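Presented as structure tokens, the chain that follows is alone, the form predicted alone.
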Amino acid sequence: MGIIELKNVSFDYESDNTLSRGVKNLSLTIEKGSFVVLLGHNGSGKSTLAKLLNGFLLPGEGDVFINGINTKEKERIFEIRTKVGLVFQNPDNQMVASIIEDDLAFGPENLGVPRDEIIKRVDWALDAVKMSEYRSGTPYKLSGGQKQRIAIAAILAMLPEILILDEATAMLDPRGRAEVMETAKRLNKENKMTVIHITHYMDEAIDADEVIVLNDGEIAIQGSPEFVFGHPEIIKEAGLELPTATKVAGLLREKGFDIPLVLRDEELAEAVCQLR
């Protein structure tokens, strides 16, 4: 069993006596220490899945296991939420204090962590996101990318095993997006943290261990980035675009050029330079 296991999970939303499907009969395994990117158009079920993993939502059918714990075990839901940290789109909505180090201390304090341990966790979390120099400042003077890194640090201070970024780069400019992605990748590689990154930016998926594409609450395709983006017809049917380099390479192939499947701009440049 992986650190996350879904078995035939479905969830429906009810509004005005009408049911709309969030996710449908999902089964998947996510291994400990992996970096997984979840893609899908608006309404595909991405955020529903994130909330199911954190126990904010419970499946109508099937079961969700976090490190072997079923999220339906009500007496253990607090334990699950300490294992799964969830970062949302808008960092301003996740901040509770006017001083950055106080904001990071808020979560551990509510967990009953001793004061000396809280100080150690705050120091570590700020260092992990490269924001130690801002500890005594106010978050409202930070850039969007810096705020989101502080939001991640606030989750890290609670020592989760799994970090879920639910469209955490959606409201950021390119620089802010790059800052958050670099932080997530470093936490995955250096701290062996399991990271699930939910996004609609295709270029953020190319370095993932696994890519999962949702379409109307179901898994359309999953596998390595090379495998997933090697099926452009499925990507298109899911209402998504290919990474820029992959799309350009495909257009060149249509024109008769011998260009392989590429995911990155530098790979495309190298392939073009080798054309004769």
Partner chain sequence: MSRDITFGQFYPANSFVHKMDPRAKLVLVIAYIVAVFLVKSLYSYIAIAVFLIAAVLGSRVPVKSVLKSVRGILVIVILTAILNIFFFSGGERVLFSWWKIKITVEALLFALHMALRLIFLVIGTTLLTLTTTPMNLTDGMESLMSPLKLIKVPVHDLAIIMSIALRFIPILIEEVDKIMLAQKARGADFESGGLIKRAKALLPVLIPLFISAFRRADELALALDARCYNATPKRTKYKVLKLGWRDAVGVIILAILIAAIAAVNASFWGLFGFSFGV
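The structure presented is a predicted model; accordingly, all values stated were derived computationally and were not measured. Positions refer to the first chain, counted from 1.
FYI, the form predicted in complex with the partner chain isn't displayed, but the following is about it.
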Subject >> in the model of the complex, the residue from I164, I206, I155, M193 that sits within 4.5 Å of the partner chain by heavy atoms >> reply: I155
**OP:** Establish, in the model of the complex, whether F56, S98 and G107 all lie within 4.5 Å of the partner chain, using non-hydrogen atoms for the distance.
**Re:** yes
Subject >> F88 within 4.5 Å of the partner chain in the model of the complex, heavy atoms >> reply: yes
Original post:
Even though the partner chain is not shown here, does N188 get within 4.5 Å of it in the model of the complex, heavy atoms only?
Top reply: no
Original post:
For D92, is any heavy atom within 4.5 Å of the partner chain in the model of the complex, or not?
Top reply: yes
**OP:** State yes or no: in the model of the complex, is some non-hydrogen atom of D102 no more than 4.5 angstroms from a non-hydrogen atom of the partner chain?
**Re:** yes
**OP:** Look at the stretches 30 to 38, 48 to 56, 63 to 71, 209 to 217 and give the one with heavy atoms within 4.5 Å of the partner chain in the model of the complex.
**Re:** 48 to 56
Original post:
Taking heavy atoms and a 4.5 Å limit, what residues of 186 to 209 are near the partner chain in the model of the complex?
Top reply: none
